[in-house]
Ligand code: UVW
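One chain follows as structure tokens, the form predicted on its own.
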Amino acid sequence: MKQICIFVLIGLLTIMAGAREKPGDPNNWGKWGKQDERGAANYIDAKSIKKAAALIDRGKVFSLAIPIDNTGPVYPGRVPPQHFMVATGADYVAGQPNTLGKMKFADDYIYMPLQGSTQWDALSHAWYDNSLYNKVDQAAIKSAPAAGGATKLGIENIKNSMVGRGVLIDVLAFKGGALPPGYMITRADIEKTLKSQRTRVKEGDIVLIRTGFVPDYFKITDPAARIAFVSGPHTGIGPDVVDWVDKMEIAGIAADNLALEVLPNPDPEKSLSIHGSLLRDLGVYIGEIWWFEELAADCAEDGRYEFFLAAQPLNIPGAVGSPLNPIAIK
């Protein structure tokens, strides 16, 4: 009897371990091979990039990044970027010896969380149970730098990706220019906004969701009020958008908020679960803390919400995210 109980226990543990390795539904595990580490970036190919480049007709350029400094919004618990000068002109004025002949130099450093400004999440950033995208074991994420950080699914896998057709979905404008704190953007909101814009989403697109959260943050001048704003409810996408993302076969989805998804989740047991659905199950890249204001104004003026978008991350081997300066060109 004791032996039977042991075998039953082993069997149950095996079943539970297997369940932890399964993707949710929908998912893209194995779609591009068992060893794939690029996920939905595979939707972007040379043909789609050439088509996106043809969207450029005015040569008008928009930066979609906020400044990398200590005044911008960061997810609660993260430290804002810190910029340090280590060699300056003022040093020479104060009597710093010049050991390089006629030439003088300024030098600086920056310390920041890699997801502390406009950024992409790597597929190694978030998961549930014991497996990341494409059944990669969570143990593949190691202490950096000596052990390599994300030895699988690091941000370097898309160093030459995330370039192609961008589509702005201006939910904020569609809803009248204001969304209540913590508003959950639904699939219906997205589809109705696209219909009103007369815009179609295509395979391999990088979709941008305008919520107004980041601009509202910068309107606040009191530091304490900014902290309270960041800690409060965040407007973002809801769970039913995941199926839409899967159906559209997009490469990445970014928003002008701190977590893309609505916070807090209406179901406390599913906090930040959309990160798991997109990064772990679908291999779709998540962008956060983007800036859309000038682009949105131009799109409203000419009625065209599609553009060429270059949004490559920094080439940081083993990183689970990266800051970037996304550029939209119309």
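If you're wondering where the values come from, they're calculated on a predicted model, not measured in any experiment. All residue numbers refer to positions in the sequence shown, first residue = 1.
A second form of this protein, the form predicted in complex with the named molecule, is not displayed here; the remarks below concern that form.
Contact test, all of Val167, Arg187 and Glu249, partner the named molecule in the predicted bound form, heavy atom 4.5 Å: No, the whole trio is out of contact, none within 4.5 Å by any heavy atom.
Close approach of His275 to the named molecule in the predicted bound form, 4.5 Å, heavy atom: Judged by the heavy-atom cut-off of 4.5 Å, His275 is in contact with the named molecule in the predicted bound form.
In the predicted bound form, Tyr128 touching the named molecule (heavy atom, 4.5 Å): Residue-level check for Tyr128: no, no contact with the named molecule.
In the predicted bound form, Tyr75 touching the named molecule (heavy atom, 4.5 Å): Yes, Tyr75 lies within 4.5 Å of the named molecule in the predicted bound form.
4.5 Å heavy atom contact, Asp121 to the named molecule in the predicted bound form: Close contact exists here: in the predicted bound form, Asp121 approaches the named molecule to within 4.5 Å, heavy atoms only.
Location of the named molecule contact in the predicted bound form, chosen stretch of 133-141, 218-226, 75-83, 94-102 [non-hydrogen atom, 4.5 Å]: Selected stretch: 75-83.
Among the candidates Ala259, Val163, Val245, Val201, the residue which, in the predicted bound form, approaches the named molecule to within 4.5 Å (heavy atoms): It is Ala259 that has a heavy atom within 4.5 Å of the partner.
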